[in-house]
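Here you get one chain, nothing else, as structure tokens; it is the form predicted alone.
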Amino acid sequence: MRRPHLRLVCVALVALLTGACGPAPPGVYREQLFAFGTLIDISLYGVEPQAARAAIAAVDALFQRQNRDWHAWQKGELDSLNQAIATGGTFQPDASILRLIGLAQRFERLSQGLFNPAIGHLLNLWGFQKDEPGPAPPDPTAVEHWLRAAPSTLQLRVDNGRVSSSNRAVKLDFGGFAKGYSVASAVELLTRRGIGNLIVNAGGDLCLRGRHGDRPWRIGIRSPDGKGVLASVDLEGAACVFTSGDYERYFVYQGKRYTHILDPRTGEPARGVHSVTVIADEAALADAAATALFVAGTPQWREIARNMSVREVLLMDADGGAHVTATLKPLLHFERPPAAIETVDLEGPTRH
């Protein structure tokens, strides 16, 4: 649940846009919504305006309901569930949260625990469960106490729709993949209405379907330094593009930047990576994998990518080097050459 940023990655519908999102080109109906702490740009190709407005209104209602129910630090279904867990009780959430729990457990297993949506208390210690993060790192003793408690989504039990946990330190925060799940829900809603050519872009994380007329959709991937677009990729059919970066949500204390992407093994912000972009068919998987690979870093990301069955990955390391999977590289067009490019076939690397 991130707050909006002024420097959003925009979807370029004819030519790649390196500034603000411009007016929709002919044939495209576009509207912006606000949910999950970010602007959401919906672009529909070849749809009559009246039908487009009705469809986007339905998407907005869906987003607002999900944002209310899944919010990690405001009153709602998820907050009620977390309070029940903290007191050793049970709670029966709505069906969407039960589905999110199932996905959270799946992604935690596949990522070997590097993606762990049970770290809500740790996020709170670091000041990331509020609209303005920070202002300072937590007491190391508190972090050590959290590490000893070792909360995990795998400690959750679901019995006839009621959820409980053997570990009262579990506090669920679905911010690492709920946006992906929600974007996929919006795409499904639009598809059911007969709309086959579209993009739902939630602050640079997006899913697309079909084509932009007689050409693929051209997608821009934001540069980790915030200076325009790092690379572009032409996609069509069905694809989702999600990025995790150290520039998204952070605070600076005594000259040092602390990112919101925390490593459950250390209780500290993950380091060594600037951004990870994952392209996959499944939005929630792409969203979760981008975070898991960011935490894994350069030593381990290949292993985790294989475990999570993602094959199209762009990882930008802290030195400005690009690590690109062999399946993605032919599709990727760098706007500015990185310091170095490593092509990874997930079996063995080749350096250029």
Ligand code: ADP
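Computed from a predicted model, the values in this text were never measured in an experiment. Counting begins at 1, following the sequence as shown.
Omitted here: the form predicted together with the ligand. The next part is about that form.
Taking non-hydrogen atoms only, Leu110 never approaches the ligand to within 4.5 angstroms in the predicted complex. At the 4.5 Å threshold, heavy atoms of Val183 stay clear of the ligand in the predicted complex, well away from it. Among heavy atoms of His260, some come within 4.5 Å of the ligand in the predicted complex. Taking non-hydrogen atoms only, His212 never approaches the ligand to within 4.5 angstroms in the predicted complex. For the three residues Ser223, Gly297 and Pro338, a heavy atom within 4.5 Å of the ligand turns up in the predicted complex in no case.
Just one listed stretch, out of 132-140, 90-98, 110-118, 75-83, contacts the ligand in the predicted complex at the 4.5 Å heavy atom level, and that stretch is 110-118. In sequence order, Thr243, Ser244, Glu248, His260, Ile261, Leu262, Pro264 are the residues of 243-266 having a heavy atom within 4.5 Å of the ligand in the predicted complex; the partner itself is omitted from this view.
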